[in-house]
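In structure tokens, one chain follows: the form predicted on its own.
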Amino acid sequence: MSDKTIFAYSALFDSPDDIIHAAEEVKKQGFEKYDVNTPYPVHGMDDAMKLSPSKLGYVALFFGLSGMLAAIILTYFTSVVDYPQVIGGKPFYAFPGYVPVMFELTVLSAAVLTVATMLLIFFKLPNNRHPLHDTNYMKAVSSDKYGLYIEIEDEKYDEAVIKSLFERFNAKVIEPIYYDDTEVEHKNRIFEPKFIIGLVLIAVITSGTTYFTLNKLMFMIPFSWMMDQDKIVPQESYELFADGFGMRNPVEGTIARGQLPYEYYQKPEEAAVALINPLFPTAENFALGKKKYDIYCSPCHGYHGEGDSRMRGQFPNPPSLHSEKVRDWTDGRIYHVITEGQNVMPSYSTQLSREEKWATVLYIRALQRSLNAKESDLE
């Protein structure tokens, strides 16, 4: 085929009204392979051309749902099957915590893959040529004219009929648009060797540059300033201190602002006698105690305090809270254990406030009473 093969017949109009009327008539005449080009969106053009909704919406929906499903499967498999961990008494699959991951994968998949589909399938990338490029028609409709063209591949194409139709609607310029040699075979060439080689080179260069930047360049002076800072890095040694530990405990006797020091450090018997629960057994206090117990205590002690740990052997099972020994403890003694810890149980003084500790004690008493009810409770 020569470069004089006609692609379409085009017409230029001076006003939006003219192009609207022309588009309506072209559609009414039964033409299907035609398009309109304007320098800005013209209100009512969709109705005039009887355009159906774009199929890209279905593509975006498919990829968005696929991304969300992938996120659900990934998070469920990781947290329930591959690496189950009890964190703060929460279930293995704590759904609210994974919603941001699902949202991000949904949006990311829909956006990126829809654009990729548009470029590779709808626009036939890597072919970036089109008969309209660099024509007087395209230059005019990109400035101040309104254009319409009908392709010769349309089943109702008839040059004489099309010219007459354009003239009837006051077209200012009527002219054919031709293919050139590179546009005659404008099929999708995504598997063309040159395009594949180009993609491979881009991938190799990008990967190599990224690897060099993150693994080599960042360790060279002066780019290493972010790592070579005068600070103590967590979990690493530090020569300033004699023991070599970088992470330091607070200086003995340090008191946080707004807090009172705990007076019975390593004095459980004195705490048992001196400390009295200041909270009343109200529904509000029981609710607070239950919440904190379920988060911090139940992973080891169980939801009912029977020592039935949910840690699956990852941590030694504690004794039951319903033993006679613990039931005979005063509230102050239990408060002391929560504050200071005992045996393998750590201190929860930084996780729980004073009020929350006492509320937890109230809830523990309620658990003990529920499984060790007195005769008077049954009357």
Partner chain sequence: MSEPVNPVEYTKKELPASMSKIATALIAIGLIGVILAYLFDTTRASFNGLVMLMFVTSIGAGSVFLIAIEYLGGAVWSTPFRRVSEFLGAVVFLLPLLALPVYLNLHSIFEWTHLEVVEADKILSGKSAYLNPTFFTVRVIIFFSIWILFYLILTRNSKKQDSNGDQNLTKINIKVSAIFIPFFGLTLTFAAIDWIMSLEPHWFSTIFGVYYFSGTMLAALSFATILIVYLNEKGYFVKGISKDNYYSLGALLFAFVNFWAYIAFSQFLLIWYANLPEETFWYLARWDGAWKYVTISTIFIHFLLPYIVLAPQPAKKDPKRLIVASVIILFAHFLDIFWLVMPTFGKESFAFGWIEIAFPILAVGLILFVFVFKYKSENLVPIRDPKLKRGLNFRL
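Note that the coordinates shown come from a computational prediction; the quantities given were computed from them, not determined experimentally. Residue numbers count along the first chain shown, from 1.
Heads up, the form predicted together with its partner chain isn't pictured, but that's what we're talking about next.
Put simply, Arg312 is far from its partner chain in the predicted bound form: not one heavy atom of it is within 4.5 Å. In the predicted bound form, Gly198 stays away from its partner chain, with no heavy atom inside 4.5 Å. In the predicted bound form, at least one heavy atom of Lys90 sits within 4.5 Å of its partner chain.
Among heavy atoms of Gly97, some come within 4.5 Å of its partner chain in the predicted bound form. For its partner chain in the predicted bound form, the listed stretch (97-105, 233-241, 216-224, 251-259) containing residues with heavy atoms inside 4.5 Å is 97-105. Though its partner chain is absent from this view, in the predicted bound form it lies within 4.5 Å of a heavy atom of just one residue from Lys55, Lys325, Lys28, His43, which is His43.
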